[in-house]
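The chain that follows stands alone, in the form predicted on its own, written as structure tokens.
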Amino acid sequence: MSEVTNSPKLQKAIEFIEENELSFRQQLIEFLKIPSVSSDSTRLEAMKEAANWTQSWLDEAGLKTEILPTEGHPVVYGEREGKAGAKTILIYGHYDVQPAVMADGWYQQPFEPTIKNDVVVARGATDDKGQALALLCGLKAAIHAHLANDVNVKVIIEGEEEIGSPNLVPFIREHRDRLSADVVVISDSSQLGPDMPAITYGLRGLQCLEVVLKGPKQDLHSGSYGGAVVNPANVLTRIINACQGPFGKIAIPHFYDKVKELSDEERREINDLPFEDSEFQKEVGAPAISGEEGYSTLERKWTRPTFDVNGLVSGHTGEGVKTVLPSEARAKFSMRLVPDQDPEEIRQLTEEFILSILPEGVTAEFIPEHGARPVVTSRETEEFAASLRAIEKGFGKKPVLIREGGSIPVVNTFKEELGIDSLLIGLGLPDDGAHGPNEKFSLIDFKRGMITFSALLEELSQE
């Protein structure tokens, strides 16, 4: 563990966090009980409840707040002015969560949080209610300890991250002056592992796409028509196979044309991190791990593009046999992208390739979903250095520098629209199960995140 000396103000903030730790845990439980699933039109009242809960929390913490409308779910905004000329820190988080039902494999109701062994289990626990609230609790502690007097703080908590933030770009453009800041702080990622704090400096991009193949006007008897009519499901399987080449490569022409290779130094940094393939295999529960030949597991996860089938639907999928030749087949794809790939260009390449191998007898319809550009943030800024020191104070050890295989589209949005970098301080763990059943979050890391953000405000006030 690192030997870190805390200032009197930071020590006061830590004491406030310790005194209010049980209260903060209860507030997290209240937040997690709200089923704020942004993709579910039946959850509109829950979305409003989550936005109102967030605003009330920020009000009580001493911020000036508003709920600002968008074309979809609203954004909760808060601000607190420090001294003139001080740095401005923008906190970003989201109050919406992924869908969750018992049939997904939950061993408890997903919106009835439980705590066991200092771990809370509920939908949204780590993505992103727990991590976002940790930053806000750290802010509240900093305000109490007068650590926040020498910085300006702004907060936006949106309600559409899990559906690709379709209204965030116009929102930021409309409120560009109000949202101006020196840096954004986001906790919506993970550490490298237990007690291995990290700051993420790179994210893969994303392009999602749905393809719908249509053949006969209706499902047909596979005995009467099979062999004489093209089967869309059969064609879809051939298309999927054609998109993937040998040795873990993607076979779509020109897919790799703009992929920026890692430097030898960065490859060494990544592969020197404390990571074991055997532990990773145990974590995912797969018979074996594999991927693109010539790259380590971390390189594959963080720095190489992917093509994955996320869902397949066609024909009869219920109990028993129904010998039909389906009239339609659907597949949802996601492609993770790396610098310098462009999501729109990748979408076009994928559609063109599918059309080039599409046989007569079926038609293809493409439904583009949300995308995000890959991003790598500078590791040479004052703010980045300050975050390293703050994490060390919050966790008691120096953080490692990592990339992340997932995508946080808003990071690139802030860079393009506001011209500012993001500090990605991950508080979760790789096995927290974000987007999956039995999602969890360590309450020990919840507390560490609070201390880290209080320390970050102090560090940034001194820059």
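Computed from a prediction, not measured in an experiment: that's the story for all the values here. Residue indices: 1-based, along the sequence shown.
Below: the form predicted together with a small molecule, not depicted.
- The three residues Arg336, Ser407 and His435 all sit with a heavy atom within 4.5 Å of the small molecule in the predicted bound form.
- In the predicted bound form, the small molecule sits within 4.5 Å of a heavy atom belonging to Leu206.
- Mapping the unseen interface onto this chain, Asp188 counts among the residues with a heavy atom inside 4.5 Å of the small molecule in the predicted bound form.
- The small molecule in the predicted bound form is not approached by His316, whose heavy atoms all lie more than 4.5 angstroms from it.
- Arg123 falls outside the set of residues with a heavy atom inside 4.5 Å of the small molecule in the predicted bound form.
- For the options Gly164, Pro216, Gly193, Gly72, the residue carrying a heavy atom within 4.5 angstroms of the small molecule in the predicted bound form is Gly164.
- The partner is absent here, but in the predicted bound form a heavy atom of His370, alone among His221, His370, His146, Lys282, sits within 4.5 Å of the small molecule.
- Only one segment in the set 242 to 250, 175 to 183, 359 to 367, 154 to 162 has residues whose heavy atoms sit within 4.5 Å of the small molecule in the predicted bound form; it is 154 to 162.
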